[in-house]
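Coming up, as structure tokens: structure 1 and structure 2, two forms of one and the same protein chain.
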Structure 1
């Protein structure tokens, strides 16, 4: 049984970074298990993507392409991925855990009588089988999944979390074999577009070096007995503009909006980091006016260097969660930081 590497193109027709990382993992697994590697690509036009990895030593390339497969849509994506798995006679499938594939691959696995394990952070091999590691309880503990592959008939699909392998670099010629997917009954959903904040307001930057996290403290009454929400917003946006870092938030801060409080209007639930938010990946993170409670800090699992500014020397960050805690007023500190950055 072969190992199928499955990926989709992005809007420009190339492979997203997470896809190139997953290819590295697939190549390694194929080598570890001594099984042939095959490639399955999905998108409106996959030619450019195929050429970008043509030298990956795959035994075969398959593709599902055409206009209907351009946008990310469950019905067409699940059908396309199932067709690619069947064409490649895949026993194991490795794919990036992009939101597009995260949505459709569980259904694909089910349809084919297979199984899926998602958001893998390390992929080893033992006893002729994959041995994937993943997180449980929102990054609180990790474990290795073991499956008896005799107990099901379809492929074992594994999605690799972004940032867990080096991106593959293996351009070369490739001529994927087209796999046909009938569209009957698959177009009840129409993708109408993308809603995004305008360029100035876009403060989520997954590739930024630094994550700046704002906590509810920014909206709380300060020493003078007043809240200074407007000033807080200006300080944060000034910093983000100067450093092009990505903005995260605590739950308490984004929730204030729905509780009718005066809030930072550029924040949405998409900024929320933590247990019920995101787990972004950045080399550095700076927490400001945020208490560092466990449900928040589990979202910092993939932030390497961590610093925090808080008035409270006993806040959560002090208890082994940050590398440095500055016990200080974040309004004063960030104002000065912005001044220095502007020089």
Structure 2
């Protein structure tokens, strides 16, 4: 049975970076297992996406396209993905763990009588079967998943977490075979548009080179005995605007509002980095006013270079968790950094 690489297009018709990373994993798995690789694309117009990966040595290209399949909608996405899997006669499906596919692929697996394992971080092969790796227990343990594929009739769907493989670069000519998906009853939900912040107001940037993490120290009383939350917010946003870096926070900072303390109003639970938050994969990370305790640092395991600014020379970052620790006042440091960036 074949291996199907499944992806959707962005609004501009191209494939997202996570999708190109998943293609690298699919190519490797197809080579390791000696099985044919097929491509399934979903979107309003998939021709640009097909041309961008036309040289991937796939045996066949399939597509579901049209205006109804442009926006993210569970009913149409699940039906389209099921149709692509059936057309490709897929035994294994590799897809990126994007928000759109993460929502519809579990339903796709159920419709086809298959199984799904999500957010895998590595993909090997053993005994003629995939051997995916994923994290467990708040990403403190990793384990490999094995399934008896003879025990279910549908495909084994695997979604690859972003940042786990190099993006594929294989442009070429491709002419996808259109797969028909009847729309009867699938468009009762109407997508009227997308609301999103301006580019400068967006502070979560997964593809940024640098992650800036703010700790609870930003909202505490400073040397003069007063809290300077407004100034802290201005310093952080000024840095983000000049560097286009991504912003994270510790859980304590996000939760201070429930304790009646002033907070940085642009931080949400989506910014949390650590055991109760996200595990980003930026090349560099800078922690400011964070103590570097284990629940928070666990989210930094995939950051390649770690630096921290903290007044406490004995904080967790100094215990082998940071490559460089600056024992200094984060307010003074960020003021100087922003001044240098302004030049």
Ligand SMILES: Cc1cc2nc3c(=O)[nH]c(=O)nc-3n(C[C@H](O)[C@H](O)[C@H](O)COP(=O)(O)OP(=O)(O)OC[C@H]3O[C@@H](n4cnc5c(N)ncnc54)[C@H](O)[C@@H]3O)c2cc1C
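Whichever C-alpha set is largest while still superposing within 1.5 Å between the two forms counts as the rigid core. Numbering follows the first chain given and starts at 1. These figures come from a predicted structure and were not determined experimentally.
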| query | finding |
| --- | --- |
| Chain form predicted in complex with the named molecule, by structure number | 1 |
| Core-aligned C-alpha movement of residue 10 between the two structures reaching 2 Å | no |
| CA of residue 270, rigid core aligned, shift of 2 Å or more between the two structures | yes |
| Did residue 223 shift 2 Å or more between the two structures, C-alpha, core superposed | yes |
| Core-fitted comparison between the two structures - CA shift at residue 302, Å | 2.4 |
| Distance moved by the residue 320 C-alpha between the two structures (core-aligned, Å) | 4.2 |
